[in-house]
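Form predicted alone, single chain, as structure tokens, below.
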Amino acid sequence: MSITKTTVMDKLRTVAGPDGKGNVVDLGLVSEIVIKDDRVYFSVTVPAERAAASEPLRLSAEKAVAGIPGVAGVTAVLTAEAPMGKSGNKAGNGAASKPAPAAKAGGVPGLPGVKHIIAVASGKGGVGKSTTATNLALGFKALGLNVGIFDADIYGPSQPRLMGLAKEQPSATEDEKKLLPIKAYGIGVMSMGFLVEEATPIVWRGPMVVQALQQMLFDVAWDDTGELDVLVIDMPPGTGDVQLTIAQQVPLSGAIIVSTPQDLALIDARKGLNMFRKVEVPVLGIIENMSYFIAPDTGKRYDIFGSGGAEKEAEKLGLTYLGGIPLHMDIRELSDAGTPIVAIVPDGPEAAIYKEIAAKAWGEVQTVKGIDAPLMKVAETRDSLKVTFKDGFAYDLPAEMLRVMSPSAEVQGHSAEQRVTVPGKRNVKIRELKPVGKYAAKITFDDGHDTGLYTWSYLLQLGEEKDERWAGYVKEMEQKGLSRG
């Protein structure tokens, strides 16, 4: 049996309206029905002052539609219209409808299975925010972190295409209570783009979008393959009701602002920055996208959109300048093909820029968290590194362990199944130790390996889990018939 809007409307006529009068359809409370294969989405409009008390009504509507043969999932959200002012206009200077209150009062709720949430935002569209968010997430992955991406742009979701997942659909957990993120390059992804056809316009009102985002965010099993170290939220452009609600109701560890160098983009970026500051979300720094162009035939640099605007803005506002990303054909072509450059050309110069920005941003998270730069000392024999943190905890990390557990080595293949087990490093030595900013250290080994950036949090994690990690490595070696050399 095919699912149609008529079928859904007929079923919803069995749901009583507020106070048990009439039904939600004939009362004109149902709107914005979207059907995607075997999943149904719709909104139920209720008075703003009764939004919190209308949760049973929403659940009844969901249950009714779930009973239609062939329906595998239902999402109903409450739309609460703003109250009318004395002039007859909606309160708030004609602002968007008021969203229903957060489910949990008394503070921002945590997101189960996620340690940190970082919003990647811009004050305006067209600055390459989504492409930056994708490669930034892969940069976090290259640091050895467990990473997810949440595409919060309901009206123009980009992550399915950027991650090569445009034809994928999410499945549910065994108890059917949550959706499973779709995996690409070792990263779990969730987006409205998985649920609605790419060419289908989303014409939902602001409150419906807000509630849909909240449900998609909190009703996803982000930790299906282990607790996430960081969830990157690809924010919608601008500073409207949706962006403000996410900033207020999602437990953000920090926000990153993406801009281009020209003055107009920086004006809008400043608006985004001020929005986060007003709701007391730490701004981790500014990224300047399309910062410059290097002509492939001559090697000459062209500052097409100006030069250094974001860096100067960051300095003026007392923020960290995370770095500049060039305007490069490979970044654009690979993104359009669903094969992001950090995943496909991990050793290229552009990927190196994204990785360094990710490490710098992660360092800012650790600063907010209170992890300061440790004291590091290489042993005279150069076969170990002593790392001492300001809280007094000190760890001796063998050079062999640092080499075989380098963040870059751990993430080759993008997943645990494809991860490389590095053999033959029993006698490896540390050739050079160089701090990188206030967030990481770069270690060069005498076998030539020097591509891993060891963040302070990663060194702390290696120290705390030293015995467990080493036992796992030795077991892998035995299973694969490899030798330490």
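A quick note: this is a predicted structure, and the numbers were derived from the prediction, not measured. In case it trips you up, residue 1 is the first one in the sequence shown, and so on.
The form predicted together with a small molecule is left out here; the points below concern that form.
> Would you mind picking out the stretch of 283 to 291, 396 to 404, 143 to 151, 181 to 189 that comes within 4.5 angstroms of the small molecule in the predicted bound form, counting non-hydrogen atoms?
Only one stretch passes the 4.5 Å heavy-atom test: 283 to 291.
> Any chance Ile353 has a heavy atom within 4.5 Å of the small molecule in the predicted bound form?
Taking the distances in the predicted bound form, the answer for Ile353 is no, it never comes within 4.5 Å of the small molecule.
> Would you check, heavy atoms only and a 4.5 Å threshold, whether Lys129 touches the small molecule in the predicted bound form?
Yes, Lys129 sits close enough to the small molecule in the predicted bound form that at least one of its heavy atoms falls within 4.5 Å.
> Looking at the partner-bound form in the predicted bound form, is Ser335 within 4.5 Å of the small molecule by any heavy atom?
So Ser335 counts as contacting the small molecule.
> Please tell me whether any heavy atom belonging to Ile325 falls inside 4.5 Å of a heavy atom of the small molecule, as the geometry stands in the predicted bound form.
Flag for Ile325 set to yes.
> Which pick from Ala119, Ile331, Ala361, Val209 sits with a heavy atom within 4.5 Å of the small molecule in the predicted bound form?
In short, Ile331.
> Looking at Gly306, Pro349, Pro112, Gly125 here, can you tell me which has any non-hydrogen atom within 4.5 angstroms of the small molecule in the predicted bound form?
Spelling it out, the residue with a heavy atom inside the cut-off is Gly125.
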